[in-house]
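Take a look at this single chain in structure tokens; it is the form predicted on its own.
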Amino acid sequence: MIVVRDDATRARLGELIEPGFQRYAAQVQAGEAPWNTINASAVSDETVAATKLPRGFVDKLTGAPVVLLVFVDLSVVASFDSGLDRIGVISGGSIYPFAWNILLAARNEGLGGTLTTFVGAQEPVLQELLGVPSHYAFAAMIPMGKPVKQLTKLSRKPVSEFAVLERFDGAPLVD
């Protein structure tokens, strides 16, 4: 994990985030699942370039008192899905619980943060900017600081909407 407080590095992070976030926003506006590896995007590069970002959004991410950048060392994780013909996801099981624990511990101390991955599309440039070896993969960026408002009630779908018994097409799990 790298803790970023330097203003110049924050500014560069913002520059790296913008193109990925712009594509994300254009795809959402088109009704697509952004950066999807299964369904190809119909959004043109021209549409992406013309997409306006919400004012100040990137500055809120990079302007937090600290920005944590979490990387995973690919030379030590067990990527059981590395031989499959798709994007690997299992290696994330080695790092995302760590990132979540950071967020839980911060909340306990009266701080807040959010896990973002917008800068991920620029991983090689990010690695160069921060001096990260190539066998470390970017996993998350966590802007952290004192929250404007501490959330107390979160909305969640009922378990029966996303959990099933025994098989993918099984009966819903009733909570």
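Computed from a predicted structure; not experimentally measured. Start at 1 with the first residue shown and count on from there.
We do not show the form predicted in complex with a small molecule, though everything after this point is about it.
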>> Counting any heavy atom within 4.5 Å as contact, can you tell me which stretch out of 123-131, 107-115, 65-73, 31-39 lines the small molecule in the model of the complex?
In response: 107-115
>> Does any part of residue 96 reach within 4.5 Å of the small molecule in the model of the complex? Heavy atoms only, please.
In response: yes
>> I'd like to know whether residue 156 contacts the small molecule in the model of the complex, with contact meaning heavy atoms within 4.5 angstroms.
In response: yes
>> Within 4.5 Å, heavy atoms only: does residue 136 come near the small molecule in the model of the complex?
In response: no
